[in-house]
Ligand code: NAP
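Here's a solo chain for you in structure tokens, the form predicted on its own.
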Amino acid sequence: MQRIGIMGGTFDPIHYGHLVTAEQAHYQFNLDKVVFVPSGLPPHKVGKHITSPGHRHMMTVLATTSNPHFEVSSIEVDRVGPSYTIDTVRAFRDRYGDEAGLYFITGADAILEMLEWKDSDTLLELCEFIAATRPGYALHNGRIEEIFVEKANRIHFFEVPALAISSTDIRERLRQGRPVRYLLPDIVVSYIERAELYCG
């Protein structure tokens, strides 16, 4: 049975926190591969400025190409309209079949907001969730069991040391001309410079 990780995100830009999270999930949950899915039009960011999907997709491809266990899907970038997780997971279920284990990788904070996601009940039936948290951070203090009741066993937590890195902080550093080296891959930094992203 294949075990497929789905790493969704805006990736604006992708950084080492994302990559370390995916690699740790791959190892800890014995995944066959992790597929990065840059969002097209995130529903929770409608009205906010985000970098074009094409740029975010290309940065994700560049950042992951050296890892044989990583892939990048353009499914949400190519989709017209808002990018809902349920639509993406259904597409992955169609692609890999009912026998595959699907694991959606996200941050622990997002889990507590999941009830607001489109078709959240169906989502937990179609895939399990792997929630990343910083070392020493209280995972959920029983709230997961309280919120999701019998489906709480489909949500797994794990610690990732690099989660303090933030795309928001990186964008602000770039706008201010401050260094971002060692926060994201050099090849992504070079792409940002050539495309003149986040410069004002």
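Quick caveat, the model's predicted, so the values are computed rather than measured. Heads up: residue numbers just count along the shown sequence, starting at 1.
One more form of this protein, predicted together with the named molecule, exists but is not displayed; see below.
- The closest non-hydrogen atom of A100 lies beyond 4.5 Å of the named molecule in the predicted complex.
- Contact check for A63: every heavy atom lies farther than 4.5 Å from the named molecule in the predicted complex.
- Residue contact with the named molecule in the predicted complex: R134 places a heavy atom within 4.5 Å of it.
- Within 4.5 Å of any heavy atom of the named molecule in the predicted complex lies no heavy atom of G5.
- Taken together, the three residues T51, L183 and Y191 all stay farther than 4.5 Å from the named molecule in the predicted complex, as judged by their closest heavy atom.
- Although the named molecule is not shown here, in the predicted complex the stretch 7-40 places heavy atoms of M7, G8, G9, T10, F11, H15, H18, T21, S39 within 4.5 Å of it, in sequence order.
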